[in-house]
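One chain follows as structure tokens, the form predicted on its own.
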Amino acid sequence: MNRLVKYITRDGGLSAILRYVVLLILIIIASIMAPGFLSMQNILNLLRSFSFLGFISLGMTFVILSGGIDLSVAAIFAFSGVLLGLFQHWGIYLGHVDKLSLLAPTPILFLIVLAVGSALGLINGLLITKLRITDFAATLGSMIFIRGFAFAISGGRTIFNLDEIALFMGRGMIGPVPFVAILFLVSVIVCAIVLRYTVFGKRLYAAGENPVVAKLSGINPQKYKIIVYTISGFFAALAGICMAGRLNVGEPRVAEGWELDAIAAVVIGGTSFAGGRGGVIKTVLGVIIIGLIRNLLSLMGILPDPQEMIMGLVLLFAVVFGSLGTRKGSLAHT
């Protein structure tokens, strides 16, 4: 009993319990509304659908741990899918025919798209650190520009038909398990190890928690800002590749508003907006909660616009709750 009391009163303990309670309630409600909700097949399908948001939420976790925010992830997501579609229909009018005309072998195209996404993230980091533009303003501008660029290079049209390798990224199965879900879980494990056991991870937490003290300790917070935005761009591009494979199209309109869902998932998971507290395992919990809320709203027949209003309230609640948790944690250490 004493251990339970200590856990609850410890910084973040009560918050963690509340998150698991919310998750349990959502699962119970979903099971009542959809009797087959807990079937293995449905769980695997949900894991696949959660993975796309999960990728950009992983990148967002690194950014928020540094004390920043990245509003451009959904735009990079869409742009990456469009870029892959164009590269697979090189020389053919925007993929409006069945025949493929690959610019390079598909694995090379994947590397090019991932490099472009990482470069866009790198540019965000440089704008913030070198030009002293605030994270919000820099990534908001990037979001508008990149999304507009995706429309420009696609002519505002959907690019149809990708090859089998691209389709495997979003639709492929390894036994009964979706490949994209395996890729997401491997990414979570790698990111968790990097944050917990590497010098980079320890210094990132230090730079995010208190940049001034970190700088006095010989850590360059700007360097870590640049790196985390590059990581965020990489995961957004990876999500874009997988979603293009899932839909079999490059679509400039895809993932509109997902940057807010990613922020909500990270904050609900327990990563502090103030930086320096949280992690990717917690983000996975937040992704599941956001995904289940979306799933339940759809089961209830709620239209997309009211859904966005509800998700806005969820994000507001998460931010308020997270700030209260941070404040309590600060008071507990004084």
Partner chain sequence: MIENKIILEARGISKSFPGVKALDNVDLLIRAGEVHCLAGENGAGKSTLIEILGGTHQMDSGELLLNNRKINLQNPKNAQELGIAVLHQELPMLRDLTVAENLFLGRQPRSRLGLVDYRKMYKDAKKWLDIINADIDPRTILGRLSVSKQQLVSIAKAISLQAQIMILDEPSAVLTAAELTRLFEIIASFKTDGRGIVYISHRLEEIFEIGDRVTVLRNGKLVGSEPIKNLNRDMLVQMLVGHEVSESYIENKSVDLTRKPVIEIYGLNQGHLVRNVNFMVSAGEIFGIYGLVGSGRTELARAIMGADKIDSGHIILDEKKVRIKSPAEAIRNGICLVPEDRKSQGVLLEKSISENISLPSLKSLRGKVLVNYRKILKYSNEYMNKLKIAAPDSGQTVKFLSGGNQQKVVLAKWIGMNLKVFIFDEPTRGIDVGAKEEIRNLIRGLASEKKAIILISSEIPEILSIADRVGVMHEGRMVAILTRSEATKEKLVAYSMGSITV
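Positions refer to the first chain, counted from 1. None of the values given here were measured: they were computed from a predicted structure.
The form predicted in complex with its partner chain exists for this protein as well; it is not shown, and the discussion that follows is about that form.
Quick check for you: of 177-185, 228-236, 158-166, 190-198, which stretch puts a non-hydrogen atom within 4.5 Å of its partner chain in the predicted complex?
Of the options, only 190-198 has residues within 4.5 Å of the partner.
I'd like to check something about Asn210: if you look in the predicted complex, is any of its heavy atoms closer than or equal to 4.5 Å to a heavy atom of its partner chain?
Answer yes; at least one heavy atom of Asn210 falls within 4.5 Å of its partner chain in the predicted complex.
Heavy atom to heavy atom, is Ser101 within 4.5 Å of its partner chain in the predicted complex?
Although its partner chain is absent here, Ser101 would stay clear of it in the predicted complex, with no heavy atoms inside 4.5 Å.
Just to confirm, Gly276 within 4.5 Å of its partner chain in the predicted complex by heavy atoms?
Residue-level check for Gly276: yes, a contact with its partner chain.
At 4.5 Å between heavy atoms, is Ala206 in contact with its partner chain in the predicted complex?
Heavy-atom contact with its partner chain at 4.5 Å: present for Ala206.
Have a look at Leu247, Leu86, Ile219, Val116 for me and say which one sits with a heavy atom within 4.5 Å of its partner chain in the predicted complex.
Going through each option in turn, the one that passes is Ile219.
Which residues within 113-142 place at least one heavy atom within 4.5 Å of its partner chain in the predicted complex?
Stretch hits: zero.
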